[in-house]
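Take a look at this one chain, the form predicted on its own, written out in structure tokens.
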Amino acid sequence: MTYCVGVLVEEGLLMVADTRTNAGLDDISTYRKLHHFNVPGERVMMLASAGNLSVTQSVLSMLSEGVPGDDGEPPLMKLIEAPTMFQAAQLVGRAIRRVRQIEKAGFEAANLRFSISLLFGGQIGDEPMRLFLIYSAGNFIECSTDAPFLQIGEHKYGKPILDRAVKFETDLYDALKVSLVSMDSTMRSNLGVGLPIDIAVSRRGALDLEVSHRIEAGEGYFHDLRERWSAALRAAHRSIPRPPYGPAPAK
């Protein structure tokens, strides 16, 4: 299991992804799930992945080396060569479908599920910054100002926090803070999500990463964030009046 979140606010784009990968209780590893495809000054693109690790790695390799074209389209386009973000998202979807085509027989023979979902976002040149969620069929949806974040993986624990606290007008680094709280809430409820955590931040028009950082176990800020959030929840619980149901409390 994994958890990744992408947030697109007025000031820019951020992504947060854990690194825990497991194939059973006794087979736990760390793999990077947040990847960058950047040409500073020309384009900045982030891609976060969830699902079958072998499928993800095959798709990433194909995007780096070149995705074969469908009938009637030019062959072997690299993600870094896509002219627009929409066409880049289409290319990611094409790579997923091509890997499915190649691996389908083997997956069916082994009774394995072809599973992958991706968050893909960034900016190319002067076009708007965009954020997409790409499914295992290669189709995708796009983030909007009304819903300025997208999630993949074990998203149910962190979504209520994002729903309440993140708007399109939210400050970029406040959105990062809320996303880290969302990650902490997910980690506390699901052992399949864990440290280290990778983060990436890019401002609109910068065409480069402003932050690319890995949060390791024991890092001071994240530890403090976790403790403060837990304390804030306990304080909020104590400050809410007792429900007016049942017998009155003893005096």
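Everything numeric here is computed off the predicted structure, so don't read it as measured data. Numbering starts at 1 and follows the sequence shown.
Same protein, other form: the form predicted in complex with another copy of the chain, not shown, and the subject of what follows.
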In the predicted bound form, do Ala110, Arg113 and Pro128 all put a heavy atom within 4.5 Å of another copy of the chain?
no
94 to 102, 114 to 122, 134 to 142, 165 to 173: which one contacts another copy of the chain in the predicted bound form at 4.5 Å, heavy atom to heavy atom?
165 to 173
Scan Gly106, Pro75, Pro83, Pro160 and let me know which has any heavy atom within 4.5 Å of another copy of the chain in the predicted bound form.
Pro160
Close approach of Glu65 to another copy of the chain in the predicted bound form, 4.5 Å, heavy atom:
no
If we define contact as a non-hydrogen atom of the residue within 4.5 angstroms of the partner, is Ile215 a contact of another copy of the chain in the predicted bound form?
yes
Residue-level contact is defined here as any heavy atom of the residue lying within 4.5 Å of another copy of the chain in the predicted bound form; does Tyr31 satisfy this criterion?
no
Examine Leu225 and determine whether its closest non-hydrogen atom to another copy of the chain in the predicted bound form is within 4.5 angstroms.
yes
With the partner left out here, which residues of 189 to 209 have a non-hydrogen atom within 4.5 Å of another copy of the chain in the predicted bound form?
Ser189, Ile199
